[in-house]
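Quick heads-up: it's one chain on its own, the form predicted on its own, in C-alpha cells.
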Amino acid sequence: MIKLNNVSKIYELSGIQVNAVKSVSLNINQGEFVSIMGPSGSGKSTMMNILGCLDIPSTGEYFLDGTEIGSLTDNQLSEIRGEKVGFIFQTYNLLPRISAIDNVMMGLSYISNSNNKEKAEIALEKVGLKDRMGHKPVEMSGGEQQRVSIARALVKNPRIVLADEPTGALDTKTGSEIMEILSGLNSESQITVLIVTHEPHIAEQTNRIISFRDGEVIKDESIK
C-alpha cells in the first residue's frame, strides 16, 4: 500500500537548508494500524504531509497504492487525495455554521452524486452520531466534533486514513473512545490507519509504532 525508498525532505529557511526527513525507507501494508511517533521537530508531521500527498519528497520515491507520487502534478495529487486519503485533524477543521451531515458531505465535494447524503448518514451512524446529524459543531462536544471529522474522512471510502494528533484536544476518556472507533474501523473495514502522535499511551493502542527523531526512523516495532 505504502512504499518509501530513501525519501528525504529538505526545506530552505532564510538561506539555510533544513533536513526535515532523512533517507527514510518504509513499507506499510493495506489494513495496518500504525502510529508515527516522535517529539516536536522529529519529522513526523513532515512525513504525514508526504504520506497524505500534501507535499512531495525532495529526493527518493514514494509509492501509494502503486502510484509514484513524486512525479505527479498538483492536480493529480489533489485527485489522489480526493479518492484515496482521508484526513483527521486535532482541531477537527469543521465548518461552524453548517450541520454535522453537511460537514461530512464536504468530504464528497469533488463528487456530484445524488446519494451523497445517504453516504454521509451511513458514515455518521458508524461513529455513533445517528441522532446528532442536524446539529452544528458549536452544539456538540469536542468528542462529537471529532467523530464528525472521522465520518468526513470515511465517507469517501478511502484506502488510507491519516490522523494528526486526533486525541490531542480531548480528555483522556474521550480520547480513548476515539481510539476505539479508529481501531474498530480499521479491523472491520481493513482501512490503513496512520496516527501521528507524541503520546506513548496513544501509540501503544496501535499495532505498529514507527518512531522518528531528527528526521530519521530510529525504531519500527510491531506490538500486537
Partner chain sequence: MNFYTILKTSINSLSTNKLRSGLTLLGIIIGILSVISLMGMGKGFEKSVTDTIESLGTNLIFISPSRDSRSGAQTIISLKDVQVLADERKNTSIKSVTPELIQMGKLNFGNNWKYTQVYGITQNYKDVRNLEMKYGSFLSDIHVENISEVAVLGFKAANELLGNRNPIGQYVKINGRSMMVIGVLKEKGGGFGGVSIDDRALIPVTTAHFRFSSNNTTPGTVNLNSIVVEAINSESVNKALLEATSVLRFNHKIGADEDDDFQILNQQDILETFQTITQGITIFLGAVAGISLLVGGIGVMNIMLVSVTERTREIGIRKSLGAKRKDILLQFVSESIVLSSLGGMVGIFLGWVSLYFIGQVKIGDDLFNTEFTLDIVLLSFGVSAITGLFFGIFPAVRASKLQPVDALRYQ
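Residue numbers count along the first chain shown, from 1. Small disclaimer: the values here were computed from a predicted structure and weren't measured.
The same protein also has a form predicted together with the partner chain, omitted here; what follows describes it.
- Proximity to the partner chain in the model of the complex holds for all of Thr91, Ser109 and Arg152, with the criterion being a heavy atom within 4.5 Å.
- Contact with the partner chain in the model of the complex, defined as any heavy atom within 4.5 Å, is confined among 183 to 191, 170 to 178, 22 to 30, 152 to 160 to 152 to 160.
- In the model of the complex, the partner chain sits within 4.5 Å of a heavy atom of Asp74.
- Residue contact check for Asn49: one or more of its heavy atoms lie within 4.5 Å of the partner chain in the model of the complex.
- For the chain shown alone, Gly82 is a contact residue for the partner chain in the model of the complex, at least one non-hydrogen atom being within 4.5 angstroms.
- Contact check for Val138: no non-hydrogen atom falls within 4.5 Å of the partner chain in the model of the complex.
- Shown without its partner, the chain has Asn49, Leu54, Asp55 in segment 34 to 56 as residues with a non-hydrogen atom within 4.5 angstroms of the partner chain in the model of the complex.
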